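Just the one chain here, laid out as structure tokens, in the form predicted alone.
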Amino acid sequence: MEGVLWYVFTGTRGGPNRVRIVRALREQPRNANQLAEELDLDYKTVRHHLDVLLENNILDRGGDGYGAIYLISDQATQHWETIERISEQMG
């Protein structure tokens, strides 16, 4: 899982926004629209990052469609120290 986390958060240009998204979701599960408003990001950008995070088992989704709620997966929660370390190195 650590390799996946490093790739997802540092291997592409979207890494900093993905870190912001997982930090916001750690505080409280939210839907894509709530995340877009909270983080001042475009809704489609948020949806793209949510899809990447889901595909890599960093997030889980409850429900479907527009109102789907996203939360941190158990697997990512177990590696939260790695996510924090990555975040600190990103500045």
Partner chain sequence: MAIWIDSLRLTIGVNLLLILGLLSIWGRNFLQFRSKHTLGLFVFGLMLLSENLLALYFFQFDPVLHVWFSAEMPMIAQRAIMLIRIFETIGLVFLIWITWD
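Numbering follows the first chain given and starts at 1. Since this is a predicted model, take the numbers as computed values, not measurements.
One more form of this protein, predicted together with the partner chain, exists but is not displayed; see below.
Peer 1: Consider R26 of the chain shown here, and say whether it contacts the partner chain in the predicted bound form, taking contact as heavy atoms within 4.5 Å.
Peer 2: No, R26 stays farther than 4.5 Å from the partner chain in the predicted bound form.
Peer 1: Counting only non-hydrogen atoms and a 4.5 angstroms cut-off, does V52 reach the partner chain in the predicted bound form?
Peer 2: It does: once the partner chain is placed as it appears in the predicted bound form, V52 has a heavy atom within 4.5 Å of it.
Peer 1: Answer yes if any heavy atom of G67 is within 4.5 Å of a heavy atom of the partner chain in the predicted bound form; otherwise answer no.
Peer 2: Answer no; every heavy atom of G67 is more than 4.5 Å from the partner chain in the predicted bound form.
Peer 1: Does the partner chain get within 4.5 angstroms of any non-hydrogen atom of T77 in the predicted bound form?
Peer 2: Looking in the predicted bound form, residue contacts with the partner chain do not include T77, since no heavy atom lies within 4.5 Å.
Peer 1: If you apply a 4.5 angstroms heavy atom cut-off, which residues in 7-42 are near the partner chain in the predicted bound form?
Peer 2: The stretch 7-42, when checked against the partner chain in the predicted bound form, contributes Y7, F9, T10, G11, T12, R13, G14, P16, R18, V19 at the 4.5 Å heavy-atom cut-off.
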